[in-house]
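Below you'll find only one chain, the form predicted alone, shown as structure tokens.
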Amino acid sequence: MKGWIPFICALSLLAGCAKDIPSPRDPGVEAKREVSIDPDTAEVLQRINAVDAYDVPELELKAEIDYARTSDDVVPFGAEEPYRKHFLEQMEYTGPGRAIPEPAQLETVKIGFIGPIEATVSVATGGRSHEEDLGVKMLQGSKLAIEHANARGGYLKRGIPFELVVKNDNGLWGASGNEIVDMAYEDEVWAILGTIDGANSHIAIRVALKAELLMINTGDTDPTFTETNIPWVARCIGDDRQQGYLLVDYMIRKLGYQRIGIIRSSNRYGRFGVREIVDSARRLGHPIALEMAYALGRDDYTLQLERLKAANVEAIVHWGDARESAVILNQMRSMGMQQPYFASDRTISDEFVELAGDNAEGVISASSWNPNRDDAQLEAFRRAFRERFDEEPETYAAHAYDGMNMLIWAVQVAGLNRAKIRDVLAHRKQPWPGVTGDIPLSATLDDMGEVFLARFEKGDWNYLSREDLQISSGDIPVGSASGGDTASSIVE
């Protein structure tokens, strides 16, 4: 099979693998107007094209030794070997569609975007929506990727531009599904990027499954997003499972805290965001002492904080939006609570720093990437983003830029065929070289790239890797396993 690769590349309509592309490491418009096909991807294309419309190509499926790099001592069931383990083998797409030819008449190649970009009021969001600032950043990153692709020649096979079809994720359950239907059948997009809200993302991908349309997520960190066994779903941002593991390893393995308290938002983001922290702490023998939830939009958290104070916790973890994170921290300090404050990645924002003031010093937040690293591609992206939007990019913009570039690459390589677009991305072996760092996709097509802890010090965030923190998962003895079954106290 390998012997076919040079021949295949030579005949490729997309310029072959001997010539390198507009590199994803260079977002500038000066890149070459060609697209590269690495040998592994060339073999995927050859296997797809070697079968007729009624056969399923034999594509190599990814396999994992353990799920999501979970250390042995926090694996569910402890020492018991389960009858069946899930999410270790990639789900195969055995359906039709790979033989559908490209449409004859097209003026643009449409790619969909869905995200919270307009304010709404709904039960699903607990009242007034609150994620528009994040969604707008995600849209900006997507637009910039489309503009860069068009500056490099658009869809190279046909010489036509890419077009971004934008839909608002308005927070109403089911409405996001309707938007996916419109994009799939009326707008006829070839792939979709979105969204942020966990509940809406789950609805959207089930519609994408029925429509057989690839959807890549760049803003929903819910660990269950890729646990749906939907072969049309991928994500290019480190999820709350990975971030939670690092937080627990640091708090318990490194610092030795035995009584940790949690305060979180009562929506899906807060509930699922802390789940792996709760489970991991329990399995390490130090169950969460108290978990308090709050309704969104409040200004007074005295009740939750008084109960955490009475529980004599040594450290507090907050999972929620930046505003609430700052208000809670300020109230803690005013009540004399000096416990170390840990938080989710949404805390890493100008809004939090401005509201928290001096109290922000020493706060530690989880982070899906390190925006302070020395990287030429990242600096080029920053310059381009500043020139285009007159502001600095943040995590939602950067991850959306990477996700949209991954979709554009898949379209360039596979052509205008939804099943093939899905195949080349799902079976890509090499990590994607993004502005947020290398993005290796797991068997569930989740981002398994490195995550970090960010400590706010002297007016700036300092990002620390596991190596910087001198910790690794599963190698430091912790408390007695007998405490692992102790139930946490959760107050809604």
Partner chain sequence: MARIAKNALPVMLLVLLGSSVSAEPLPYVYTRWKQFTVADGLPNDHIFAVKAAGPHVWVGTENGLARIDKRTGEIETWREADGLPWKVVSAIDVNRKTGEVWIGLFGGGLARYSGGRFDHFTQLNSGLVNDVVYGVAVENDNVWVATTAGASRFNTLTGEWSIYTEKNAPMEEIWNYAATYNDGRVYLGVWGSGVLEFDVEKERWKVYLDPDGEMEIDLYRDDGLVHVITTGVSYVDDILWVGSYFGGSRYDGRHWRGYFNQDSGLPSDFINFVEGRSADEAWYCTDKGVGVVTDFATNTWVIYTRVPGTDSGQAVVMRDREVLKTVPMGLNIPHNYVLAADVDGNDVWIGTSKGLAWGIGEDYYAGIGGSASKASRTAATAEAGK
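The structure displayed is predicted, hence computed values, not measured ones. Numbering follows the first chain given and starts at 1.
A second form of this protein, the form predicted together with its partner chain, is not displayed here; the remarks below concern that form.
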Option touching its partner chain, based on a heavy atom within 4.5 Å in the predicted complex, out of Glu314, Asp279, Asp375, Glu394 | Asp279
Tell me, out of Val136, Ala384, Ala289, Ile203, which residue has a non-hydrogen atom within 4.5 angstroms of its partner chain in the predicted complex.
-> Ile203
Its partner chain in the predicted complex: within 4.5 Å of a heavy atom of each of Arg298, Ala322 and Ser349?
-> no
Though only this chain appears here, would Tyr269 touch its partner chain in the predicted complex if you measure heavy atom gaps against 4.5 Å?
-> no
Can any non-hydrogen atom of Ile160 be found within 4.5 angstroms of its partner chain in the predicted complex?
-> no
Report whether the minimum heavy atom distance between Glu92 and its partner chain in the predicted complex is within 4.5 Å.
-> yes
Looking in the predicted complex, any heavy atom of Thr302 within 4.5 Å of its partner chain?
-> no
Which of 363 to 371, 333 to 341, 93 to 101, 408 to 416 lines the interface with its partner chain in the predicted complex (heavy atom within 4.5 Å) = 93 to 101
Residues of 74 to 89 having any heavy atom within 4.5 Å of its partner chain in the predicted complex, listed in sequence order = Pro76, Phe77, Glu80, Glu81, Pro82, Tyr83, Arg84, Lys85, His86, Phe87
